[in-house]
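Here we start with a single chain on its own, the form predicted on its own, put down as structure tokens.
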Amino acid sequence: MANYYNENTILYLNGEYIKAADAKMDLYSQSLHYGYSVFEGIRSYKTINGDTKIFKAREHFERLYNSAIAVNLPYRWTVEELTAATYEILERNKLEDAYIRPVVFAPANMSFAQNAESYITIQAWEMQPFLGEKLLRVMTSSFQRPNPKAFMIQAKAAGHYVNSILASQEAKAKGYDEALLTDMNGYVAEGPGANMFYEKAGQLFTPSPGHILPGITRETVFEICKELDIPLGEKLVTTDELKDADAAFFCGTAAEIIGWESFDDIPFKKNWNDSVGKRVQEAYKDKVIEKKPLPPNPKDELTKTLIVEELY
């Protein structure tokens, strides 16, 4: 049974709330046999006001729709309908800080013909950050991200994650915490389930879209950098550039934001606690619980003015 559910856990399945232990799916499903389904990873948090809030529910359910349409899975649910169902699942399971997994899956179909219908489930459980909370030892994977001409790479499709599982298992078997995959041209792409950023001379860089899943947490990092006035750029990144970086981190809904200790056994130049990534990590934690940043202290502004006057 693992620890994702117990005899009392309730999940959502095709418009009904049922016990997880009683839930069934067709063993002849195209999803089971061919990995043909799409999903989302979402988190809810207990906010600073004491209520439970799903972080960026609209963005996640819109991406679920886009993923399903990209791979030709019929889709008939609205953002509002699924958001309400998710809050109901959280309430029925007495969850506040939770990981939420909606999945759109296919009916019985052993052919490759397009389906006339699809099904949906929403499940939730307590989960700590996916990659833990200590700094990570990361290695370059021998596996590459799939050619974007071979898949709808922008879709969060279940079958894509066989690639992720192989890369992550390889890294852990070699004594590392996680893998970093390159694209078919040898440029840095992403982790098995997270996007990556690195710091150089006070600026953050991240791989350009094309061979990556442009994550919602990745977009949140963009928002934070704009709010904190942190320079940020997208570019093609080589592994040699990354080895010369000052710091680096993964970001994703499951992983949240987690710093790296080393890459291919090369430690980063900057202490994580002094890095730009650490500032972003703290801002992200504040954002998900809706903690507002403190307003500037007028005394600080006065001090800055006096310093400027003295300089001139």
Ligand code: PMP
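What you are looking at is a predicted structure, and each value in this text was computed from that prediction instead of being measured. One rule holds for the numbers: they count along the sequence shown, beginning at 1.
Absent from the display: the form predicted together with this ligand. The rest refers to it.
- For Thr217, a non-hydrogen atom is located within 4.5 Å of this ligand in the model of the complex, even though that partner is not displayed.
- Using a 4.5 Å cutoff between non-hydrogen atoms, Ala248 does not count as a contact of this ligand in the model of the complex.
- When contacts are judged by a 4.5 Å heavy atom cut-off, Thr253 counts as touching this ligand in the model of the complex.
- This ligand is not drawn, but in the model of the complex it has no heavy atom within 4.5 Å of Pro207.
- The stretch among 118 to 126, 79 to 87, 207 to 215, 226 to 234 whose residues place heavy atoms within 4.5 Å of this ligand in the model of the complex is 207 to 215.
- Listed residues Asn195, Thr140, Asn93, Ser168 were compared with this ligand in the model of the complex; Asn195 is the one with a heavy atom within 4.5 Å.
- Checking Tyr187, Tyr161, Phe222, Phe151 for any heavy atom within 4.5 Å of this ligand in the model of the complex turns up a single hit: Tyr161.
- The three residues Lys56, Lys278 and Lys287 each lack any heavy atom within 4.5 Å of this ligand in the model of the complex.
- Of the residues in 45 to 67, those that come within 4.5 Å of this ligand in the model of the complex through at least one heavy atom are, in sequence order, His60, Arg63.
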